[in-house]
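This document opens with one chain alone, in structure tokens, the form predicted on its own.
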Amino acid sequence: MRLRLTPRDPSYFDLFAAQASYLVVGANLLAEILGADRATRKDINRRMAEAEHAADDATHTIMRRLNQTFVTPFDRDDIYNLASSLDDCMDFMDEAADLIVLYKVDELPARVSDQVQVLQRAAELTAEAMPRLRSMDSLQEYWVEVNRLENQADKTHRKLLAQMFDEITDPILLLKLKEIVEKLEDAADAFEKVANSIETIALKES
């Protein structure tokens, strides 16, 4: 069953909130897929694809609205950049989940779970921040924390790559795992880009 956007005639703020809510779904599905067997992973990946499609619907609605309306709640370029950055977060998480299934990886390194935990927290913080765009209230703690999380993700990513190159002797498996962890790192970077977009908007509107 496809996820549906609500309400039927949403505002920009509602659409940003919808995008962010799907990020929470996506990050949690990534956590779920890590410990699942191959058969279960296929079902989780299907649910991830549904969430990604729903997030895309919100993104496309924002882009159509930008092309059809003159008055916007804040700078048009900032709306575009924020919507695109939110979309990137979901796309990278969806790609990571898809690769885990397509590559038939039996077991992922333990530190991949650390990567996903960072994404889960970043998604939660992003979803909590979106409603505050209406008032631009209490957003600084959000972007500071997401930037901290991204720095944490960078360190985890470097340690994970070093560990993989030290311990994995199968070159094909190494390439598969490296691509997966790179997509997770891309997702962390995308969450930081969202936070930076929010900071830019808040500073302009203050």
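One-based numbering along the sequence shown. Please read all numbers here as calculations on a predicted model, not as lab measurements.
Beyond the structure shown, there is the form predicted together with another copy of the chain, which is absent from this document and is the topic of what follows.
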Run the contact test on A96, S113 and R134 with a 4.5 Å heavy atom cut-off to another copy of the chain in the predicted complex and return yes or no. no
Does another copy of the chain come within 4.5 Å of any heavy atom of I172 in the predicted complex? yes
> Does at least one non-hydrogen atom of D37 fall within 4.5 angstroms of another copy of the chain in the predicted complex?
Replying inline: no
4.5 Å heavy atom contact, E128 to another copy of the chain in the predicted complex = no
Original post:
Closest heavy atom of A162 to another copy of the chain in the predicted complex, within 4.5 Å or not?
Top reply: yes
When another copy of the chain is considered in the predicted complex, the residues of 177-206 having a heavy atom within 4.5 Å of it are K178, E179, E182, T200, L203, K204, S206
